[in-house]
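The chain below stands alone, shown as structure tokens; this is the form predicted on its own.
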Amino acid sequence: MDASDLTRFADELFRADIDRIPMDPLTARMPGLTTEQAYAVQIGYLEKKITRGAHVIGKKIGLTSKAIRDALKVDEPDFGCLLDTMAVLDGGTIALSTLIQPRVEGEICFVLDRDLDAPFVTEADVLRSTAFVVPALEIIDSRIRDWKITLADTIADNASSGMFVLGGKKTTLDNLDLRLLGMAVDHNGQLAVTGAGAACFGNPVTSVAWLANKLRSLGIVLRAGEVILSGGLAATVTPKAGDWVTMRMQTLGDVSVRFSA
């Protein structure tokens, strides 16, 4: 694989996103696509969005569930970038026509007030550098047809990012153990899934520390002001036009979004 292949894949992902038409897996055509090459494709894909005026405002962590990592035969999560164009207000409405094959999952979002720039970032560093956390809904999406993804496919596709919604209640981490917090996702007012903080890589704080260290290995530092989606806490729900989804989390409050045609 050479640079032209990576550029072509980035172009195809960008076009699939614009046209809302899914594409075949990249690895179906390039079985040897490595994670390093996939991240290079992700950068190229994002650069096209940035050229059109989008701005990076944070990061998201994917594959924090052991079951999903086992299914993809990988031993660590992955990450993507959050753009300002992906943000939706709490209680807002998302047109399904702007997505391809969305799914919704409940998460905890960290908002940093210090750079995570230690040579090796620990959970204690994350706790010291977090201004507050808020409940979040991530609307994951895939430009890859029928979600037939490998690790390299989802990395290239910006970790299967779509949109995200942040709740309005700020909670500091003082004397708060995120592992023990329970959460519930309601789909059209009916309980759909339940979970807890520990479902995210054992601890959402550990998930953010992993991200900081992974980025440091690539010469990137998590900066003050960035928002970090730390990873899913339970199974996803699939929205249809007219649906609404609410996540309720112990201590942290709730966050909701509606879907239109």
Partner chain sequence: MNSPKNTDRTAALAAALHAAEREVREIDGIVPAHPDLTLDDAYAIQRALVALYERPVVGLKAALTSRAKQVAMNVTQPGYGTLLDFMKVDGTLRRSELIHPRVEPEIALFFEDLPTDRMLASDEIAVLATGFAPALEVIDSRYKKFKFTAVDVYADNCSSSRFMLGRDVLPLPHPQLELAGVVLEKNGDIVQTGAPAAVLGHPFTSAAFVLNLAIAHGVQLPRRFVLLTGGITEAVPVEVGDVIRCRFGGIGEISLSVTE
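The structure presented is a predicted model; accordingly, all values stated were derived computationally and were not measured. Positions refer to the first chain, counted from 1.
Heads up, the form predicted in complex with its partner chain isn't pictured, but that's what we're talking about next.
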- Message: Within 4.5 angstroms, counting heavy atoms, which one of the listed stretches 39-47, 222-230, 188-196, 56-64 is next to its partner chain in the predicted bound form?
- Response: 188-196
- Query: Even though its partner chain is not shown here, does residue 168 get within 4.5 Å of it in the predicted bound form, heavy atoms only?
  - Reply: no
- Message: Against its partner chain in the predicted bound form, would residue 182 count as a contact residue? Criterion: heavy atoms within 4.5 Å.
- Response: yes
- Item | in the predicted bound form, residue 238 touching its partner chain (heavy atom, 4.5 Å) | no
- Task: Report whether the minimum heavy atom distance between residue 249 and its partner chain in the predicted bound form is within 4.5 Å.
- Result: yes
